[in-house]
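Quick setup: one chain, the form predicted on its own, written in C-alpha cells, and binding and motion questions come after.
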C-alpha cells in the first residue's frame, strides 16, 4: 500500500468561527478523520508545520515545506499539502522551483468553505487530491481543486467564492476528476522517473508593479532600497507609456544599470507578452538585462525570480535560469 504524507498548513479548509471571523484551528489529522472515503486508500502520515491563514504565507514557509518534502522524499510515494486558497497559486509555483522534476506527485488543495460547513467543498477536494496523488501517472507539483488537476506553475485563483475557484492560465488542465476517476488530457506528459533537484534559497526582495495610467516612473527610484527585482505588469501585449517629462525608459534602464532585475510581463491574464509588436514596447525588446515573462503567470514569475536570484547574480546565468522551462511554466 502506498504512503502519502499530508502537510497541513491551515487555510479555510481548517478554519472554524470564534466570533471574530474564521481562523485555522483544525489539524491535518482532524480534517482527514472527517472524510471517511479515504479510509483504506493508503497509509497516511501527517505533519503540521504551521496553521495559518494563507494570507500570512511567506517565502520562508515555502522553504519549510520544501524541506519537509526533501526529508521525506524517500519514505513516501506522494505529498498532499492542505493550504488556504488565497496564496495557493504562489505556493504551488514556488514549490515547482524548489523541488524540480519530482517523479512523485506534490499536490496542493484546500477549500472555499470550511470542513464543518454543511455545503463544504473540502471533503471532495481532499479525497480527490489523494486519488490523484496515488495515481502512477501523477508527478511534479499540481493543484487539485474543484474537480480539476492544474499544473503548479499555471494555477490562478479566478473566483473568490465559487467551488471552481482555480483556473489554468495558458496551459491545459492536467486532468479532470470525476469521483475517483482521473481523466487525463491527451498528449500531456506522463510521470517522471528521475530524482528531483532540491533548492533551499529564495531572494524575497522581489515585487510586482502594475502599470496604471498616470503612474509616475519615479516609483522605480522609490523601490530601490527595498527590492532587487521588479516584475512589471505592462498594458496589453507589452505596452509601456512614454511621454515628455515622464520617462519609463530612463527609469527602467537606470534600474538595470544599478545591478537590479526587471521582468516584463502583461497584466492581461491570457496569451502572454510580445514586446516586438508595438512601438511602445519595442525599445525594451532589444535592451540587454530585461527578462521577458512570455506567457507565464504573475505567480510563477514571482516565484521563479526569487528562485533564480538566489542562485546567481550573473546576468547571463540569470537569464539562462529564467528562460529554462520548469514544470511547463512557459511555452514561449
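Remember, predicted model here, so these are calculated numbers, not experimental data. Residue numbers count along the first chain shown, from 1.
Quick note: we don't show the form predicted in complex with aspartic acid, though the next part is all about it.
In the predicted complex, aspartic acid sits beyond 4.5 Å of every heavy atom of residue 60. Though the partner is left out of this view, residue 295 does not reach within 4.5 Å of aspartic acid in the predicted complex, counting heavy atoms only. For residue 173, no non-hydrogen atom is located within 4.5 Å of aspartic acid in the predicted complex, even though that partner is not displayed. In the predicted complex, residue 85 approaches aspartic acid with a heavy atom inside 4.5 Å. Checked against aspartic acid in the predicted complex, the candidates 168, 139, 100, 112 yield a single residue with a heavy atom inside 4.5 Å, and that residue is 112. For aspartic acid in the predicted complex, the listed stretch (85-93, 129-137, 72-80, 215-223) containing residues with heavy atoms inside 4.5 Å is 85-93.
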